[in-house]
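Single chain ahead, by itself, as structure tokens, in the form predicted alone.
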Amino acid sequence: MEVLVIGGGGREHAICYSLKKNKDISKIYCIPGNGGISDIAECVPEIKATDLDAILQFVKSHPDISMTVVAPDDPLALGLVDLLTENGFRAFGPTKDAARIEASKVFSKWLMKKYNIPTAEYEVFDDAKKAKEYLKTAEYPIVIKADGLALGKGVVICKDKKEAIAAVNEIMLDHKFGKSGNQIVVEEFLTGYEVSVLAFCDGKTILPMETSQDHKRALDGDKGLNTGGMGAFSPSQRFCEIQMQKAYDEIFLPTMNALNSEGITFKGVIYFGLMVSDKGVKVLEYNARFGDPETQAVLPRLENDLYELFNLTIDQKLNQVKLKWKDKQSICVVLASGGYPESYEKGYEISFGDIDEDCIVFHAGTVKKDGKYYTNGGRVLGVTCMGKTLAEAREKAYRNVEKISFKDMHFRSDIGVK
């Protein structure tokens, strides 16, 4: 059998890597893929992940494809799973309606408020003038979020009124994120520490995976601009089993039930971005898919067959399985282009030394030409290593980071320290 994976980042490389372990899968296709993915799958770079009609025609012309895994947010929000399913093809991922928990922050906040799922207090605005009036008397720091998808960069933490007004102007008037900024959510700033929990969900059963922690800021010490993620480790060193059970009872299960109550069956992966504070555990955000780079830290620890889990999710049979995990700690260090998340150059050759056998280098923004790899994005590579302890995993990861180089390469040196 053959499998098609949609997407071209580090998350998709990690998914392809895990699917490759299933010996019954004879071939993996990836649209559009990247340089590293091309080593284990046949990439189709001429088709974009958002070109739904072209993807449908590709699946129709490859009858041995038994499943399409839709990994990125954009094609999910556009309804690729709906289109494939309506045409009789198996697809893993939520429908367009279900993907709204990520595609619209206004919808997700409304859902949490209606069903008493703990989250930050907030206000919604579709008028920049009214938003700025509200900000005159708001408490700071405050968080401003573009309603729609913004490549993980549509969230601005503002320490004072001046920064908040600038954020409103940038999102709503300058249209930095296009139509995604037609509405904004202005949200109270929560303090504590963040935890990410990915969960398989089939509408009847929700199975949380092991925890992870992402590092969003571009620079050491959680300074600099927000990025799509500069690294992650798994599991969290602080989020205990008691807190996990409480989150399951108050957040994970109620989210699935809330969607069901709205007539929405969520089948896929829900990402829960959580804030843990002295006020309890609250939802910062939902994603309707695997997180990136959390997936690169979490999936290598998964002992279950990923293809089987995808099938059980589609068929609403997740109650038949229990997730099993390697008793190891993992860490992923992202190597980015200089200037990311703002402007950066592409096309620099990447040099690899002798990478350790038990270290996985996931490609995010690369292209392969004549046997050589070149930079082709903001986040370029994710170096993932495991160890008996997080300290051991960190030492391995950074030792291998030193074996990789490209012009203007940038990475954080403190992933996993906190």
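For clarity, every value in this text was computed on a predicted model and none was experimentally measured. Residue positions are given as counts along the sequence shown, with the first one as 1.
Form predicted in complex with adenosine monophosphate (AMP): not shown, discussed below.
Colleague: Work out which of L83, A128, V155, V321 lies within 4.5 Å of adenosine monophosphate (AMP) in the model of the complex, going by heavy atoms.
Modeller: Looking at L83, A128, V155, V321 one by one, just V155 meets the 4.5 Å heavy-atom criterion.
Colleague: Counting any non-hydrogen atom inside 4.5 Å, which residue from A103, V143, A199, I314 sits next to adenosine monophosphate (AMP) in the model of the complex?
Modeller: Spelling it out, the residue with a heavy atom inside the cut-off is V143.
Colleague: In the model of the complex, does M275 come within 4.5 Å of adenosine monophosphate (AMP), counting heavy atoms only?
Modeller: Yes, M275 is a contact residue.
Colleague: Does adenosine monophosphate (AMP) come within 4.5 Å of any heavy atom of K216 in the model of the complex?
Modeller: Yes, contact at 4.5 Å.
Colleague: Using heavy atoms and a 4.5 Å limit, would one call F189 a contact residue for adenosine monophosphate (AMP) in the model of the complex?
Modeller: Contact with adenosine monophosphate (AMP), yes.
Colleague: With the partner left out here, check for me: in the model of the complex, does some heavy atom of E194 sit within 4.5 Å of adenosine monophosphate (AMP)?
Modeller: E194: yes, in contact with adenosine monophosphate (AMP) in the model of the complex.
Colleague: Hey, of 278-286, 130-138, 163-171, 322-330, which bit sits against adenosine monophosphate (AMP) in the model of the complex at 4.5 Å between non-hydrogen atoms?
Modeller: Comparing against adenosine monophosphate (AMP) in the model of the complex, the contact stretch is 278-286.
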